[in-house]
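Okay, here we've got a single chain as structure tokens, the form predicted on its own, with questions on binding and movement later.
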């Protein structure tokens, strides 16, 4: 099966995947206790005001009808209005999603820059002190929760040394600001968010590189007298990157959904903080819209990973 046929089939399956995701999001949200209208208006509000607001947001309809209304509006590009903020959910996404995407991109860029060379170097120095050191640091990065690492980074590099600002992501750049002032707020959140991803991808890259270096074509290249760096970069790295591309795309989508604690700690006005506020306030439309947006991004990231396979190795067919 050619890659284009496979991609077409995946795109055809996309509506079914999103249907299951939307149904799961809607069901989980509505089985949790609490009335968002009552929370918004307070316990002393008249029943008429409560009924009017419930009718406005279709909360007086049966759950199946609420779901059909929400899905129908979402297909037309309308994710509803926030119960608490009284503004369109799409407007909230337009404001918050670029910030979360930028932070995820910075974290993933840092991950690739560190993990790929570390994994290759660890594979080339297999069963040596360097290999054990890189492996230990990788396991440590995976094991440490990102919010704990974030607090440590803030205490050491912001409070004690004063090297990096704690907040600043999402604020508008002022005339005369340097590149350091604009981008330095991304450093600590990116490191805290990327630590586990660096550990994970380093382990993947090491295992993949060890497997590739044991292949017959690598031994043949060495027997021909090709330079070592040429064998590693041209023959080894390109093939070892195939599984790494998969996990990188998946983890990039995953990074969008795990920023809640990081955004809360660093006061970042992204998707995670908006989702946390919406959950606390029982703002159904916002929770549904933001979660659905995250699911769409995650699914698309997986499709992109599959299509990149052929670019790395044209022999691959689905």
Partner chain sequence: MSAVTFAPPERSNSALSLASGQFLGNRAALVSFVCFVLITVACLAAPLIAPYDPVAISLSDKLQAPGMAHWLGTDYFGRDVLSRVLYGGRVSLMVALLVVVASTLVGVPIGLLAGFAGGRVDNALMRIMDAFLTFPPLLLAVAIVGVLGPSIENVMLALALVRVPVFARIVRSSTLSIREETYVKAARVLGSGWVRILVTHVLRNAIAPIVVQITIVFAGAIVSEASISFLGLGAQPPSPSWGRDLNEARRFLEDAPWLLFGPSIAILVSVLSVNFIGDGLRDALDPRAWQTLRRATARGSAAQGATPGRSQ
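Numbering follows the first chain given and starts at 1. The structure displayed is predicted, hence computed values, not measured ones.
The same protein has a further form, the form predicted together with the partner chain, not shown here; the description that follows concerns it.
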Checklist entry - Picking from 124-132, 183-191, 85-93, 109-117, which part of the chain touches the partner chain in the predicted complex when contact means heavy atoms within 4.5 Å? => result 124-132
Checklist entry - Is the gap between residue 146 and the partner chain in the predicted complex 4.5 Å or less for some heavy atom pair? => result yes
Checklist entry - At the 4.5 Å heavy atom threshold, is residue 13 in contact with the partner chain in the predicted complex? => result no
Item to check | Heavy atom of residue 155 within 4.5 Å of the partner chain in the predicted complex | outcome: yes
Checklist entry - Taking 4.5 angstroms as the cut-off for heavy atoms, does residue 304 touch the partner chain in the predicted complex? => result no
Checklist entry - If you check 101, 139, 245, 71 against the partner chain in the predicted complex, which one has a heavy atom within 4.5 Å? => result 139
Checklist entry - in the predicted complex, which residues of 286-307 put a heavy atom within 4.5 Å of the partner chain? => result 287, 291, 294, 295, 298, 299
